[in-house]
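Just the one chain here, laid out as structure tokens, in the form predicted alone.
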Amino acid sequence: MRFDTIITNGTVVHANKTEKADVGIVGEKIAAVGKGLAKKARGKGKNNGDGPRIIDAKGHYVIPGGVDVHVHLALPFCGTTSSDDYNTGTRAAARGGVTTLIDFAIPYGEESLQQAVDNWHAKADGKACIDYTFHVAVTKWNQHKHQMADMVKKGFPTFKQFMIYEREGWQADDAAIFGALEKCRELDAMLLIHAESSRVLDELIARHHNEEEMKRLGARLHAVTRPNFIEAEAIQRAVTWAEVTGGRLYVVHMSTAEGTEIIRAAHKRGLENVFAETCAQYLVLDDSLFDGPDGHLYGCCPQIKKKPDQKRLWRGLRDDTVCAVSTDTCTFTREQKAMWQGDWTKIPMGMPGLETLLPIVYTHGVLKDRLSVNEFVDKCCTAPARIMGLGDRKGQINKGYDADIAIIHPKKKIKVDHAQMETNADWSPYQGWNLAGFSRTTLSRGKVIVDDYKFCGQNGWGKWLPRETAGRM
């Protein structure tokens, strides 16, 4: 067989095994995984220069490209728009070894689901450097429930509801969530839930929203008004509705030990229709950061919690309670974050993360013996692709799959410096951290888009990915 590209001398890491093998690529697809592919190809085309491109991965892991199933690019939110768009955001993803992302198409005002999808396509078209698709947010239940079937037919089998954000016009009540889970069961689709208990959260915010406390506690009030039970109670409700309806549920950005225990208990009861992800920041950051002079930069929803929560989430990844790690990337610059002016309720919520997803999980998971290298691949590549309906083409290094590949050094560390990164952020939550796991070479559908740790791809290379179903392992 003639290959266009061969990755040789590397250690190929799958979710369930590790092997010394070459990877042969034809066009945009993986055509073979096996020993000696490069050796067999050497000499062919030696005199006429038409032999395959050889990429030497000696001393490196060859892993599937990362799949970040939870990002927000160019999102209008909190009175501004997130600063990473489909140019800088996908360039950052590529440098971090992420080759597929899923954003959220959110209707504004009285927009239909189709209008929301059209808006997000317009953001991505001609800009995206890696492949992408969208979850579709259901924000007006009585209107949007009649449009969900059409979205599934058009390749969007994942929907999102928010238990909070009434001010943004996004909030769903229990009846809407119950109904959406029923509809997802009917349509072979899956519902993603932002789980926080809004009424109690609003009450706590009102109690502490005064000049004296804001002056004294500053960004610390973000944590004061979001104790762990705000998330845990909401997850419990969502799991209850999933159990009753049989609809598939995916809890996004789970941040608490209590939430993890609820998901674990659901799995022990045999609920195979309940999934939960966490995000990189909840695994390595804690709420002591709110006490610093830049505490407001770390505002995100849900907020970063405490070290015991980190420990339980890591255990949850290892025992499959937590199925994936994403980022919830929603980048705001220092100037945008400064809009808070001392009022924590006005912080643009979110942080940059696409460029550091794999390095954070690899460094603090694999190198600290919290995860095996195979579990790392599973949680960042294979499982998220499979759960979101992309498991037939993404997240694995196997014949017939898209040639989405990241080549990473097992130990080489790079110091995080926002000024040297692709993200359009003038700060990083991990500034100065030494992280391994950055991609030396990234391939997207067979095309090299990162070489020697530098982005070399092109806008418009990324394709939209239609899907048929979701929520099946």
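Predicted, not measured: the structure shown is a model, and the values here were computed from it. All residue numbers are counted from 1 along the displayed sequence.
Quick note: we don't show the form predicted in complex with a small molecule, though the next part is all about it.
The small molecule is not shown here, but in the model of the complex it comes within 4.5 Å of a heavy atom of Cys330. With a 4.5 Å cutoff on heavy atoms, His72 counts as touching the small molecule in the model of the complex. The small molecule in the model of the complex is not approached by Ala176, whose heavy atoms all lie more than 4.5 angstroms from it. Interface residue remark: Cys300 is counted as part of the site for the small molecule in the model of the complex, having a heavy atom within 4.5 Å. Remark: all three candidate residues (Phe77, His194 and Met349) come within 4.5 Å of the small molecule in the model of the complex, counting heavy atoms only.
Only one segment in the set 120 to 128, 322 to 330, 362 to 370, 387 to 395 has residues whose heavy atoms sit within 4.5 Å of the small molecule in the model of the complex; it is 322 to 330. The contact with the small molecule in the model of the complex, taken as any heavy atom within 4.5 Å, belongs to Tyr165 out of Tyr165, Trp141, Trp241, Trp340. In summary, among the residues His253, His296, His135, Lys379, the only one with a non-hydrogen atom within 4.5 Å of the small molecule in the model of the complex is His253.
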